[in-house]
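In structure tokens, one chain follows: the form predicted alone.
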């Protein structure tokens, strides 16, 4: 545990020196929220299971999920891939740092970054656009932790498979934009063609979004969606432990 906390503190200091990572994790989701809030901010969903729900009551928790996804698909893979290219991971291994400590430190740092992003988005949505506050904050927090675990595992897996930091960035950005478009974080789900909704349901962000939205609007914990997110994270973790490369 001492090594884990020391690694986490080092990662926090390194993160503070990488403003581009923080800008992408915070600024881009907030910018998209502002744009979509200006377009759909005063509308309600028309059809489907969420008919009658105010769009901003959907968008605020869903963009908490988008912040988490941005960490797992872009920031974290690029960060770890750059570590490998510079030989940092090799030095960690020589110092006796295990995969579990490395993954744990990235999870703790990502939880903190995602929490800061969630607070920013929540304040913006509630104060500027009149979104409701979370009805069940503890259940939202549970979905937030499970979603962060899932996307951190995905991020480490992407970093393990990407040959370079530039490749990780290219793949991660492509995946992030696909997630943005088909997971309920861009146009309302009831206005997407059926094939796009089906594609979104095949990707983890859709299930993360629903697991965050349901307790936010008072529908309680969606255990099915939460289990899917946890299962994806578990599978990604197991695969990562097999394919992770220190150099």
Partner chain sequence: MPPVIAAEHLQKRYKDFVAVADASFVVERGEIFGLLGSNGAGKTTSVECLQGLRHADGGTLRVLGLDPLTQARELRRRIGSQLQEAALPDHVRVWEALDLFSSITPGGRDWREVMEQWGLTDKRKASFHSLSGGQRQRLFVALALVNSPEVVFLDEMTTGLDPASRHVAWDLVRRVRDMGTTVVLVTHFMEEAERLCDRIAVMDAGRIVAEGTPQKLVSGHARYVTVMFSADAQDLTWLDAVPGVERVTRHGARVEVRGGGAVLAHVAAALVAHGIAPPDLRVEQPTLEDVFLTLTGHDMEE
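Residue numbers count along the first chain shown, from 1. This is a predicted model, so every value here is computed, not measured.
Not on display, but discussed next: the form predicted together with its partner chain.
Only one of the listed residues (87, 137, 112, 130) places a non-hydrogen atom within 4.5 angstroms of its partner chain in the predicted complex, and that residue is 87.
Although the partner is absent here, residue 242 is not a contact residue: none of its heavy atoms lies within 4.5 angstroms of its partner chain in the predicted complex. When contacts are judged by a 4.5 Å heavy atom cut-off, residue 176 does not count as touching its partner chain in the predicted complex.
Residue contact check for residue 94: one or more of its heavy atoms lie within 4.5 Å of its partner chain in the predicted complex. Although the partner is absent here, residue 164 sits far enough away that none of its heavy atoms falls within 4.5 Å of its partner chain in the predicted complex. Only one listed stretch (95-103, 165-173, 142-150, 113-121) carries heavy atoms within 4.5 Å of its partner chain in the predicted complex, and that stretch is 95-103.
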